[in-house]
Ligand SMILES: NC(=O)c1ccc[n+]([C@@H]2O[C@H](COP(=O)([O-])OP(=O)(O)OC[C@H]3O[C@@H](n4cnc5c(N)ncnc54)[C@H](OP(=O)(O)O)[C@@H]3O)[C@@H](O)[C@H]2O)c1
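Before any questions on how it binds or moves, here is one chain, the form predicted on its own, in C-alpha cells.
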C-alpha cells in the first residue's frame, strides 16, 4: 500500500491544490484531505481520534482562520484554531513529518525581503497566532514551517484567493482600491503545492520562506491581472496604505526564498512571469496541474 498523507483545510485554496496536484507531483502518496465538516480541529478529543484512526505517515497542515479581519474581531477563536489546534495536531504527529503553512504576516513589514533569520514582529492578531504556532511546531526538529504571503488561484468555494475577492467585488459593480505602497511577492497556489510536495520527499525539516521572485505593489498586481480578468477594467482604484482604515496591515512582506529554492527541482517563478507563461502556451489561467512558468 502507498504511504498515507493527511491534509487539513482541504476545502481551502492551498489544500485544494495539494489534493488536485497529488497525482502529478506525489503519485507515491495516498492522499486524504479533511475539512471542517469532517472534524472541528478545536475539538481536541475528536481530532485525536481521527488522527489515531487514520494513522498517516505525514501531515500537511493548511487549515487556519486566515482572514485578518476575522482574527481581529475574534482573537480567542483565532488562537484556538491557529495556535491550540495546530500545536495539538503537531503533538499527535511528533514521530512523522509535519508541514505547517504559516505566513509572512509574522513580520511588521517595515523593511521587506525578509529571510528566515530575521526577527518576527507581528502587528496583527493573525500574524501573532501564526508566530505562536510556529514556535510550538519548531520545538520538534523533524517538523517544517513554510511561510507564504499572497496566493493566487481558484478555490472550490470561489472566495479563498485575493484574485477571487477582487473579481467578485468588481462584478458587483464596486471599485477595488489597491495600495501602490503595499508590497507582496504573489505566488500561484499550484506552485506552492508543487513546492510542498517536493519538501515532503526531501525530508529536510526546518523553517522556510516561499514567495514569487517579483516584489509587486498591490496596484501593480491589479494592473497585471487586467488582461486576464476583464471585469476589473474601470474598477481599479489606486490608493495608499497611509489612508488605510481597518485591521493593521504590514506594508512590505516580500520574502527571500533562496533557502527553499536550493532544495527544489524547478525554479520558483515571479507572478508576471508565470502569467506570461500561461499566455504563451494558451493555458487556462489557473491550471492547477502546472507548477512552473
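Computed from a prediction, not measured in an experiment: that's the story for all the values here. Numbering follows the first chain given and starts at 1.
Below: the form predicted in complex with the ligand, not depicted.
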>> My question is simply whether residue 36 lines the interface with the ligand in the predicted complex - judged by any non-hydrogen atom within 4.5 Å.
In response: yes
>> Is it the case that residue 247, even though its partner is missing from this view, gets within 4.5 Å of the ligand in the predicted complex, heavy atoms only?
In response: no
>> I'd like to know whether residue 66 contacts the ligand in the predicted complex, with contact meaning heavy atoms within 4.5 angstroms.
In response: yes
>> Would you classify residue 260 as touching the ligand in the predicted complex, given a 4.5 Å non-hydrogen atom cut-off?
In response: no
> Of 268, 26, 236, 62, which residue is found within 4.5 angstroms of the ligand in the predicted complex when only non-hydrogen atoms are counted?
Replying inline: 62
>> With the distance limit set at 4.5 angstroms and only heavy atoms considered, check whether 114, 214 and 241 all reach the ligand in the predicted complex.
In response: no
>> Please identify, from 122 to 130, 194 to 202, 136 to 144, 168 to 176, the stretch that has a heavy atom within 4.5 Å of the ligand in the predicted complex.
In response: 122 to 130
> Mind listing which residues of 12 to 28 have a heavy atom within 4.5 Å of the ligand in the predicted complex?
Replying inline: 12, 13, 14, 15
